[in-house]
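Next comes just one chain, in structure tokens: the form predicted alone.
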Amino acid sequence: MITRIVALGTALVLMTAGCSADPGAEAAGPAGPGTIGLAMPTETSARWVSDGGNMKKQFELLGYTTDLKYADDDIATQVSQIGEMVDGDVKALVVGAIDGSALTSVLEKAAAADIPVISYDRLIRDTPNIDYYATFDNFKVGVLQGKAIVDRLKPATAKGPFTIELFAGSPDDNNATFFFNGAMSVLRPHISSGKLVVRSGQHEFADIATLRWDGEVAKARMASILSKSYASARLDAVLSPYDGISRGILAALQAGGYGTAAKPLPVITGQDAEADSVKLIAAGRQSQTVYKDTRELAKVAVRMTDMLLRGETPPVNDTEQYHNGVKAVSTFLLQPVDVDKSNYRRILVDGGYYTAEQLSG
């Protein structure tokens, strides 16, 4: 059973270096504990900007310096950035990978330099050279999304059938399959029974994946589906794995005439509780999102890294579920939370993730 997150209990030490009045004397203060390399995938998603900023702040409170880089969703750039961090003698790496299978060679270089690696939120695959993984319960994320659709349509008891279309995340992100499989564990029985109908016929992950989680790609695909499969039918639900994709889907639906009393919007799921999507939820246009408190994820990754560098063993709560093709990676899983119009203020505003002003307008 997954345990609740352990609070960050490490004492915060601000390291300072003193100077002797005697110009021939050695500096009095000890050197800091070193630099941590933070390799994040992109600044186009608000959550990754927050993740990088949160970890930078927390590491610096512990006395570390940080080298934070974003790779603009370009694999070669991220590989180069990590290589530069290794050459710069960082003490550890925390990596949110763009392509989970593209870092094998550069992480061999890190291992040769005895640099520990924390895989952050996205599992790094096909290498033995990662030490720990910090993430959320990604299968449960999908379960929450699937349940949001079932709870609203009630296919088991309502007359139906209902129409649904499926979207998945980027095929090079290991999390995307967990989200999809979690959602389908809830939806597939209703699809098999005929109560949920995918009129496009696109059921499989390979058919519905959205490279780089790109909302514009999702928008174009949704427009194509509406044109080909819904000229004479109404769409009742869309499984979307991420808020940026959800907004692209919503734009295509509104262009297709949805969002009126005669043609209401379908149920639309999401993930990451991005401010723009929370505003859409408040306005009744997006149905739901899955909130993952990345402040807590940053704490876990910082604690893992700090404990490793101090020769201690970080706590984990999963040692079997996340196999990267080479080994099962010791993992700390945090719990995601379902957010909709009924609870977003309590969870996101009262919980301090956003201010009321950030969600207005």
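Computed from a predicted structure; not experimentally measured. All residue numbers are counted from 1 along the displayed sequence.
Absent from the display: the form predicted together with ligand GAL. The rest refers to it.
Look at 215 to 223, 106 to 114, 229 to 237, 271 to 279: in the predicted bound form, residues with non-hydrogen atoms within 4.5 angstroms of ligand GAL sit in 271 to 279. Taking non-hydrogen atoms only, Thr331 never approaches ligand GAL to within 4.5 angstroms in the predicted bound form. Ligand GAL in the predicted bound form is not approached by Arg303, whose heavy atoms all lie more than 4.5 angstroms from it. A residue is said to contact a partner when one of its heavy atoms sits within 4.5 Å of a partner heavy atom; Trp48 meets this definition for ligand GAL in the predicted bound form. Shown alone here, Asn175 lies within 4.5 Å of ligand GAL in the predicted bound form, counting heavy atoms only. Scanning Arg247, Arg125, Lys91, Arg122 against ligand GAL in the predicted bound form with a 4.5 Å heavy atom cut-off leaves one residue, Arg122. Contacts between stretch 223 to 261 and ligand GAL, counted in the predicted bound form as any heavy atom lying within 4.5 Å, involve Tyr242 alone.
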